[in-house]
Structure formats: structure tokens, C-alpha cells
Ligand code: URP
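Below you'll find only one chain, the form predicted alone, shown as C-alpha cells.
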């Protein structure tokens, strides 16, 4: 099967130019001007007036994650289907090692969830809950098997929390095997102390979830784990950075040459602490780190993206229904399942609030939603690129189409939208995943189980400037 994307503007991290793109099977085989006159194609997709860009890559999702006695609503079928409608053609989810398990026991559980279910390609990171001599040695094998990243937490004591010595030893191991430590950086014990004090004072509404998690707790933990990585001689990646205090720690480390990298998420760019303040309806917006005050955080995080203090925008997609799941926390915000839906909305929100708003170039937009995620997590140039030999993960994007985000029309398996009623400019008209058109003009054309596991390489972090 040969498909020609004709008459579009190719948009990559390196530049934009007028060209046609020819796909054969699962691969991009030719790029040039007016290819229709010289090549045979079984299907021609007219991209006139639109962008032809590499499929977006979301490197932070949680399908069916267990949390607080329940599970994230989206599975690998509904979650990857929704991702595709939003222009995302690869996700990297988190396999969870529970306390007392080997790393491979956690990996096996996540393969069982994903195989035969995923509609687009997927990879795994490893949530490492139990750092000991055996699991440290096992990390080398996991890296060799194409899962080179390990997430640890300074938050959630009693569940995922790791003390500093465990974090440091894991970083020493990745310094040897080439892997990457990803850190959820908040001071969990301090947060728990403040939260308990608030509840004791009768302050139990969702709003106090945001109040308990002081910005300085994220800033302190971010600074601390970066310094641990510096001591170990290892790179570190801060997940879902939300606030200036943490951004400052990353910026200062990068200025002195430390391999410190970070992502932020749409919720920290377009939602705020105010959204938590609508009585129990605010539970829809409970995530960790929490939503922050709009000013000055929104502007400073966007500046961080523009200046490459922040390298990636992911979603931390972890949806729980308002009815029956978020409601578990009525009367005690500590019991509200933490997480927001967003895998379908990321690309459009960042186009509208970044490119259309004049805060990001379209090339930088593609860079932070596709190309840098591919480089940072060992998938480039097979993914994240419009280039000969790359996987045919291609989006035809209409930069002018306007639509309204709503739970009534989204494809995520969750009963609300964080962005209900928000009008955005830009949308994915055609989405191709590894040579198969899976979305076209709002219709699903994909195939359950088509997505393949992406065995990822150890990344060359020097390629992430």
C-alpha cells in the first residue's frame, strides 16, 4: 500500500517547507515537491492548506493505573483510541512494580493490559517501588529489553515513596547502564503533615489538596533530586513540573551543565488553583502536583518551554470518573483519586494556547509534543520525524479549524472534561499510525490491537540540547 500526502506544509522541529510525503507500507519512503507527477500511489490524501507533521508522542500516561482503591478509567483500547483522535500516535505508559515484586512481574502485568488492546504504538517506563540489591541488578536487564527509564517518587509515603539513599543508588545504576531516572518531585512527608493538619481543622474540600502541596515542597524536592543525580553522575528527568519554584531549580542546574530535563503538562499551562475551588466539583481537577495559581506560573512555564528550560509537554493522563471515583474523597480530599484526563486534548491545547497565541512557533510546538519526546526516550529518528526511513506516523493538521472541547464529544472513557466548553483552534484531520490511517475527518478507521510495543534504545542525551 502506497499513500501520498500531497500539497501540504511539512512542519518539523527543524523547519517548515512545502513538500509531498510518500508512504509505502509502514515507512516514509520519499519526500519531495510535486511527487504526484512521478510516483504511483494507491491513495492520495490532499493536505492543501494544512500541516503534515510527525505523529505526536505522549511519554506520560497511566492506563488502568491502580490508585486509592480504584483504577484509572481508560484502558489501552479506549486510551490509545482517544490519543489518536488527538493526533498522538505513540504513548509511553508506566508499568508498576509493587512492593515485594521483581521489576519483571510489574512489566508482565502491563504487557497483559496492552497486548491485543492498543490501537497505536506504545512503550513502557518502569515505576520502581522497591529499590534493593536484586532490583538494582535487574535494572540492567530491563534496559536491555527496551525499557530504559525508571520512575521514582519523593511523594506518596507508604505507597511509591523512595528515600534519598534508594534514589541515589538507582541513579548510580543508570549512570552505569545508560538508563534514565524519572522523578516525581514533591516532599511527600511534609505534604502529608500539612494535609493532616488541614483535615483536623475541618478543611476537607478539594481546594485544600492544592493548598497542602506547597510550591516550595515541589521546588525543594526538585532541587534535591537534581543534586543527587549530579552526585551520581546520571541524567535526571523531572515529570509533570508545575510551578516556578521547581522550574528555577531545573534552570539553575542546566545553566551549570547538569543533565537535568523536565516536562510540564497542559493542566499547568491552562488550568489553575481556582478550578479546585468550586466546592466538591473541584475534585475533577485533583492531580499531583496540584494546579497552581495562574499568575505568574502560566507565563513562566510557557517561557520555560520557549527557552528549552522545559523540553517536553506530556499529559500525565490518568482519568477517574467524577461519579463513583472522585466521589470517594467526599469529606476528605486526601481520598480523592489523583489524576486528570488529557491524552486527547494535549496537541490542540498547545497549538491554540501556544502557537495561535503567539507564544510558541509551530516548529517548537512539534518539537515539544513529538520530536524531543522521541529523542529523550530512545525512539528517534524512527519516530518524531518526517524523514525517509521513519515510521509512517503522520498527522495532517488543520491549523485553522475551530472546535469546542467537551465530554459529550471526546473519546476518553471518563464522564467529564477539564476543559469543558473551551474553544480551541487547530485539529487533526488525518492520523496515520505506522502506515495505517486510524482517524480521518472525525471517523475512527483504526484496528484494536494494531499498536506494537516499541523497544526503546538508551537515549543520547546530548541530542536533547
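The structure displayed is predicted, hence computed values, not measured ones. Numbering follows the first chain given and starts at 1.
Beyond the structure shown, there is the form predicted in complex with the named molecule, which is absent from this document and is the topic of what follows.
Novice: With heavy atoms only and a cut-off of 4.5 Å, decide whether residue 184 touches the named molecule in the model of the complex.
Specialist: The answer is yes: residue 184 has a heavy atom within 4.5 Å of the named molecule.
Novice: Does the named molecule get within 4.5 angstroms of any non-hydrogen atom of residue 316 in the model of the complex?
Specialist: Answer yes; at least one heavy atom of residue 316 falls within 4.5 Å of the named molecule in the model of the complex.
Novice: Please tell me whether any heavy atom belonging to residue 282 falls inside 4.5 Å of a heavy atom of the named molecule, as the geometry stands in the model of the complex.
Specialist: So residue 282 does not count as contacting the named molecule.
Novice: Taking the named molecule as it sits in the model of the complex, is residue 168 near enough to touch it, meaning that at least one heavy atom pair lies within 4.5 angstroms?
Specialist: Output for residue 168 is no: heavy atoms all beyond 4.5 Å of the named molecule.
Novice: Quick one: from 224, 240, 73, 334, grab the residue that has a heavy atom within 4.5 Å of the named molecule in the model of the complex.
Specialist: After the contact test, the surviving option is 240.
Novice: May I ask you to choose, among 288, 204, 272, 78, the residue with a heavy atom within 4.5 Å of the named molecule in the model of the complex?
Specialist: The residue from 288, 204, 272, 78 that makes the contact is 288.
Novice: For this chain shown on its own, do 125, 177 and 377 all sit within 4.5 Å of the named molecule in the model of the complex, going by heavy atoms?
Specialist: The answer is no; none of 125, 177 and 377 reaches the named molecule.
Novice: Choose one stretch from 38 to 46, 58 to 66, 398 to 406, 411 to 419: the one whose residues place a heavy atom within 4.5 angstroms of the named molecule in the model of the complex.
Specialist: Answer to the contact question: 58 to 66.
Novice: Using the arrangement in the model of the complex, list in sequence order the residues of 324 to 343 with any heavy atom within 4.5 angstroms of the named molecule.
Specialist: Read in sequence order, the residues that approach the named molecule (within 4.5 Å, in the model of the complex) are 338, 339.
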